[in-house]
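One chain comes next, on its own, written out as structure tokens in the form predicted on its own.
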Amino acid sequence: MAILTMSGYLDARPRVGYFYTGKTNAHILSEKVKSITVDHYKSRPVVVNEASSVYEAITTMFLEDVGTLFVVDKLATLSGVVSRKDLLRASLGQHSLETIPVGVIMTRMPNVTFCEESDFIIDIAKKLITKQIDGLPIVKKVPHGSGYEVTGRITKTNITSLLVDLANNETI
């Protein structure tokens, strides 16, 4: 009885006893997924300065094995995002990659989609699908400013990790 109660199939009330909650496996799994926040599956952000060259960004992306770099300004606040496609587009021209700053080719704020640690991961997964992007910066508001500090990232790989944990019944 205790196992069924902890699993959510049964509930217990004084003077009533145990009773069936009516929840199926799908309902219980759905509730579990909807309660998981981004904070539980975030990973370390990979950032570059907006003055860095496109060549440096390509090198960083390769060495860190990521698909998206978050671009920060001199105050370390989020100013944009650069993807593999952005870097590929920049490298197709006749320009020297060492002379083009990342700030020229990045997607700039306020056009950057981002999230916070307290956001639900299911909502962020929907954003990733809808906007057809690989990852989002996790940010927090800068206390005495108008920008955002990058504190992490959430990617399709993080979502896949959650899916594997759910299949193995290893989630939080």
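Since this is a predicted model, take the numbers as computed values, not measurements. All residue numbers are counted from 1 along the displayed sequence.
Form predicted together with a small molecule: not shown, discussed below.
Only one of 112, 121, 58, 66 comes within 4.5 Å of the small molecule in the model of the complex through a heavy atom, and that residue is 112. In terms of contact with the small molecule in the model of the complex, the residue from 35, 49, 107, 43 that brings a heavy atom within 4.5 Å is 107. Residues with any non-hydrogen atom within 4.5 angstroms of the small molecule in the model of the complex fall in just one of 130-138, 35-43, 143-151, 50-58: 130-138. The small molecule in the model of the complex comes within 4.5 Å of a heavy atom belonging to residue 81. In the model of the complex, the small molecule sits beyond 4.5 Å of every heavy atom of residue 74.
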